[in-house]
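Same chain, two forms, each on its own as structure tokens: structure 1, then structure 2.
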Structure 1
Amino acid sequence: MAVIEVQNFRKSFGTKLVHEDVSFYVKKGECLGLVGGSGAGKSVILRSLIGLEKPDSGSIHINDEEITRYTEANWRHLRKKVAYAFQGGALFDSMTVFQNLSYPLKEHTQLSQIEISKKIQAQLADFGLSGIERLYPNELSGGMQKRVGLARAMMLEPEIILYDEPTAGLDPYNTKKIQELILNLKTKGVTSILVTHDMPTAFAVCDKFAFLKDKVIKEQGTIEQLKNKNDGLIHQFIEGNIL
């Protein structure tokens, strides 16, 4: 059963058409790698899946519910189950790391301060970030901000996670850590979409790929299908022959 299903998605900004007719689906526990050149509009799709952008036409189903006509109040409910890991972290700069991570817990759970604190310590340890609770985002490196952003997105243990370039700018050690985290979440049945240019990570964690080019999905399939297709667009994209 498809947890996420996008059909005939069309989106433009002013006179600039970004997506003409995009369709794909992701089944429960699957990770879809959404790849394409810079500016192809991969993040726009992710943002539309969480209601930060509204499609011009087409439909988006999450858990069989059509969400394109959702009101902001409906979205707020859905966003407890669907997390979006921002490319740059999008941390609240007036809050410490601890406050950033406690934000979703305080808003949506009845956990006590002690339980919240324990959960945050465990989450930071998982991300290799122990000891930075009291620091502000501007005191962290770009990579650390990104990881704190990821940690915050996962605090509510969502059913669906949308990763926007989660490994860009990270060193190999932390890239591997993120890969392990995504794989670990997959084993727990979390459905995800990964937007990335980091193809080793994409191959490590994704079950299937969709290649976005010229406002449509040009090619999609499982890793096995794409590996056997040497003249395929994704293959050429990885080789650097096309944008």
Structure 2
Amino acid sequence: MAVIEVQNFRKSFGTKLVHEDVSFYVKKGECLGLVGGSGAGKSVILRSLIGLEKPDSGSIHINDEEITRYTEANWRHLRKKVAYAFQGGALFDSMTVFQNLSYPLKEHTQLSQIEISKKIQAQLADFGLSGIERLYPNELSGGMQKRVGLARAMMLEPEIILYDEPTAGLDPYNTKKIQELILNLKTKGVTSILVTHDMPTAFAVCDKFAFLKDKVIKEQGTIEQLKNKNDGLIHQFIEGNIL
């Protein structure tokens, strides 16, 4: 059964049509690589899955619930289950790492300060970030900021996580760390969508791809299907022959 299902998704901004008829699905524990050229509107789809954008028409189902007409109260409940890992980490600059990670717990749970502290320490250890609780984002490297952002996204133990260019601008060491984190979350049954231009990472963590071009999904399939399709659009995209 699909955990995420998007059907006939259409979205425009003013007179600019961004998506005309986008459809795809993701099953439990799968990672879908949503790829395409710059400006194809990949992040618009992610933002629509978390209620930051609203489609003009079409449907979005998460766990069989149609979410496009959700009220803010509905979204507040859903955002406990769906996490968004923003491209830049989106940490609060004026807060320490501890304060950043405690924010969703204070907003959405009734945990005591001691329980919050234990949960944060365990989370940082899992992400290879022990001992940085008192540091501020500007004291961290870009790779560490992204890992802290991902750690914060996972604080509520969501069922779904949406990754927006999680390895952009990272060195090979931190890129590998992010890959390992994504793979580890998959073993826990987390369903995910990865928006990226980093195709080695996409091949390392994704189960299937959907290629977005000219306002629609032009091609989709499993890793094995696409590897054996040398004349396919995704293969041409990887080779740099099309945008």
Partner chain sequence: MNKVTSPLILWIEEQLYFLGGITLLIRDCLREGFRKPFYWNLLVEQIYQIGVRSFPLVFVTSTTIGMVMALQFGFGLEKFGGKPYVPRLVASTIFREIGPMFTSLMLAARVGAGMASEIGSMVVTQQIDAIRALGTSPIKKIVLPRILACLIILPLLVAMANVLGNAGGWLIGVSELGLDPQFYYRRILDTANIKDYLSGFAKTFFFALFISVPSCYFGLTVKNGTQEVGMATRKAVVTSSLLILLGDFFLAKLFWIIEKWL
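Counting starts at 1 with the first residue of structure 1 and goes up one by one along its sequence. On a predicted model such as this, the values are computed, not experimentally measured, just so you know. Each form is matched to the other, and the largest set of C-alpha atoms that superpose within 1.5 Å is called the rigid core.
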Block containing the form predicted in complex with the partner chain is structure 1
Quick check: Q121 between structures 1 and 2 - does its CA shift reach 2 Å or more after fitting the rigid core?
yes
If we fit on the core, is the Cα of P172 displaced 2 Å or more between structures 1 and 2?
no
Core superposition between structures 1 and 2, C-alpha change of P158 at least 2 Å:
no
Angstrom shift of the Cα atom of S141 between structures 1 and 2 (superposition on rigid core):
3.5
